[in-house]
Structures are given as structure tokens and as C-alpha cells.
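Okay, here we've got a single chain as C-alpha cells, the form predicted on its own, with questions on binding and movement later.
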């Protein structure tokens, strides 16, 4: 679906590339997490994958990104906006209306969706995201988690095949963050929507995504299954990325020779591991 081939990009005002020779592909149905320290190139990569770079942000662009075979340099961003929807980090800047219903209607009306279909899509997306009770609410009265759901609903109403989210839980508490990740998993598993999420909360990424991409200074450091990648504990520390405590615990137990299983990513997996080590069958 999306293929990046040796992509390098340097912003016009910068002296160093933001992306360095990135090659990867994202298939239909993927649930991909992208992480790295501040300045690693995460947001730039997200914008390159949906065509915003290099059209909206000027600079030197090398290589290619193709979406369904369409080169993002040869086509304008509007050619892809029905295929890919993006939720930005600053959620308030993305809102264009004052009421939830109007926020969702805005995109549908601007894309010329037939009037009879608009109502169907509006009610369906509110139901799918579990927010029909927010329909008439003022957006300014919503919590951070509720605003994120509304932003996602407004994008999903346009029926994109890919959803790109740039640190959607950055300003949310742990409970709301987990709720958003749970929603994304549901959309991926039940609706088949391809999810690409830029996030620094690596514990959540390891629990929810199917594939983890790690960037370092604009280059691809790791790309693979979370359980395999996260086993490189020492390298992650060198990169300045904190790994989940449950993963580090299993790593240390493996190093000490008392545990020979896989790296644990969840509290439940860690509990099972500790019981195994202690020979506790309960």
C-alpha cells in the first residue's frame, strides 16, 4: 500500500537531513508504531508517508514514496486525502467547528458526499467510536480523550484506508491513552484500517502494535515485531529510549540464566514469567 524507497529529506532551513535513506513498506491491515527520541524524524516520516512532505514543507527530497502505486511527488496531497487520514499532535488546531456534529459534517460536506449518505456516515462513526452522546456537545467542553475520539471520527467518516496519528496520547493521562490505543486496535482488527501511529510511550506501542519502527537521527534503526526488537535493551538505552520495565526485567532474568523465555511486554506476561521462575503454579 505504501512503499518508501531510499527516502532522504532535508528541510530548507536545516543543515542536516531529517530523514536519511529510509526504505520500508506498509501493507494493508498493518498496525505500525513509529518511535524514537525527540528530533529522530518521526513526524517528518509520517508526513512523507502521506505526501505532506515535500509539498507542504519545502526542502530537498530524494527517493520516492508511493501510495497505491502513485508517487507522492508527482501527485498533489489532495489526491491522497481520501486514502489517508491524519490526526495531528495538536488536536485543538485540527478542529474547525465548535460542536461535535458539525466537526464531523465539515469533511463530509466539503468532499461532496451525497446528502442522504452523510447522515448514515455521521451516525455510524459516532456509534463505532462509542460517542453518540457527544453529538451535540461543545468541543471546548470535552476532555482530551474525547477530543481525540472526535478528531478520529471526523477522519473516519471520510472512509480512509489508512489512519496516521502523530502522538495522539501526548497530552492524555494513562487511562485515556490506553483507551485510545484500544480504540485503534478495534479499528484495525474489526474494520481492517491500516494504522500508523507516532508515539513515545513505548510501553503502549509494545502492547498494541503489530510492528515497531525505531528511528535514530533520521535513519531506520529497527523495524520488526515488538517482542523481537525490544530484546535489544542495551541498544535502546544507547539511543536514549526507555524500554518498558517488564521487558527489562525479563531481559535481566535471561541474562542471569534463570529464565529462558521471550521478552515480556505486558504485566500479565511478566507475572507468568515470575511465577515460572519462582516455580509458583498458582
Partner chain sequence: MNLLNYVPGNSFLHRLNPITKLAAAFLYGLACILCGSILMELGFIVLMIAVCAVAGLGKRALRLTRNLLILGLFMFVLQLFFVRTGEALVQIGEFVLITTGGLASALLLSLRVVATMLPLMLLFAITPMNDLCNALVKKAHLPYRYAFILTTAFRFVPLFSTEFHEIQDAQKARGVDFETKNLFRKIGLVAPLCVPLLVSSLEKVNSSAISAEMRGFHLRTRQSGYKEYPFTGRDVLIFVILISLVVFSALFL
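The term rigid core refers to the maximal set of C-alpha atoms that superpose within 1.5 Å between the two forms. Please read all numbers here as calculations on a predicted model, not as lab measurements. Residue numbers count along the first chain shown, from 1.
What comes next is about the form predicted together with its partner chain, which is not displayed.
A heavy atom within 4.5 Å of its partner chain in the predicted complex is found for exactly one of 124, 115, 75, 191: 115. Screening 251, 61, 57, 222 for any heavy atom within 4.5 Å of its partner chain in the predicted complex leaves a single hit, 57. Residues within 4.5 angstroms of its partner chain in the predicted complex, judged by any non-hydrogen atom, belong to 85 to 93 and to none of the other stretches in 85 to 93, 208 to 216, 177 to 185, 126 to 134. Its partner chain is not shown here, but in the predicted complex it comes within 4.5 Å of a heavy atom of residue 107. Contact annotation for residue 165: none of its heavy atoms lies within 4.5 Å of its partner chain in the predicted complex. Though the partner is left out of this view, residue 159 does not reach within 4.5 Å of its partner chain in the predicted complex, counting heavy atoms only. A residue is said to contact a partner when one of its heavy atoms sits within 4.5 Å of a partner heavy atom; residue 102 meets this definition for its partner chain in the predicted complex. Contacts with its partner chain in the predicted complex, taken as any heavy atom within 4.5 Å, map within 132 to 164 to 138, 154, 155, 158. Comparing the forms between this form and the one not shown, the C-alpha position of residue 183 differs by less than 2 angstroms, with the core used for superposition.
Annotation for residue 76: C-alpha shift under 2 angstroms between this form and the one not shown, rigid core superposed. Compared with the form shown here, the C-alpha atoms of residue 192 and residue 147 sit at least 3 Å farther apart in the predicted complex. The distance between the CA atoms of residue 147 and residue 187 is at least 3 Å longer in the predicted complex than in the form shown here.
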